[in-house]
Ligand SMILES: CC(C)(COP(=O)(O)OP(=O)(O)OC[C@H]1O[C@@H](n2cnc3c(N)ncnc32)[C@H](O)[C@@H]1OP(=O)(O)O)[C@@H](O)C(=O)NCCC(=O)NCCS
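First, one chain by itself: the form predicted alone, in structure tokens.
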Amino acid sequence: MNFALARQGLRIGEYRLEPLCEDDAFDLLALFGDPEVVDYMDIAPLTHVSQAREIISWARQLAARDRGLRWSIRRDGQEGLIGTVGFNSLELDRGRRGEVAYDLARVEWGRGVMSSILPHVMAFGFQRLELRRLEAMVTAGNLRSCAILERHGFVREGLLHDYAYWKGRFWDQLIYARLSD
């Protein structure tokens, strides 16, 4: 497996994927401070930079243990991040699977950013990390996320009733998956 490449980042057309780092804290606060961006996520809108730093710390710990990867998404020529993408979890001992996750700033919605990036993230998972299966958990009602996954060959495998708990309530989760070719 090639985690070293992931730690260096990836270039995809006009986008750069770089490992989340401490310098991303204020950009991440702005991204996850938007209630619409986190509407279907397991976090409330961020209100303080320390919360963003906790997320960055979580991502860095995942990468250090080879249990996940989270990249910032940037446009060439621009410093600020416009979203994040990667694998929230990697199972490499008792399976060969990874959970794909992504988010974008609201101003980027509908502009084809994830359509450009997701195929490369998938290829990285299948080829570089030698995964057999990619999964995505989608909160029921997040139609945009369902559509992007389906356009890229993911199949909805089921509905997990009251699978998750955050923001004071239970949430249904849809599980999507795609196997390597």
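Residue numbers run from 1 along the displayed sequence. What you see is a predicted model; the values in this text were computed from it and never measured.
What follows is about the form predicted together with the named molecule, which we do not show.
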Query raised in the report: If we take heavy atoms and a 4.5 Å cut-off, which stretch out of 135 to 143, 53 to 61, 119 to 127, 22 to 30 is in contact with the named molecule in the predicted bound form?
Result: 135 to 143
Report task. Answer for residue 37 alone: is it within 4.5 Å of the named molecule in the predicted bound form, judged on heavy atom distances? Result -> yes
Query raised in the report: Is there a heavy atom of residue 104 lying 4.5 Å or less from a heavy atom of the named molecule in the predicted bound form?
Result: yes
Requested in this report: Using the partner position in the predicted bound form, report whether residue 151 sits within 4.5 Å of the named molecule, counting heavy atoms only.
Outcome: yes
Requested in this report: Give a yes/no on whether residue 95 approaches the named molecule to within 4.5 Å in the predicted bound form, heavy atoms considered.
Outcome: no
Report summary line: Among 69, 131, 46, 113, just one has a heavy atom within 4.5 Å of the named molecule in the predicted bound form, namely 113
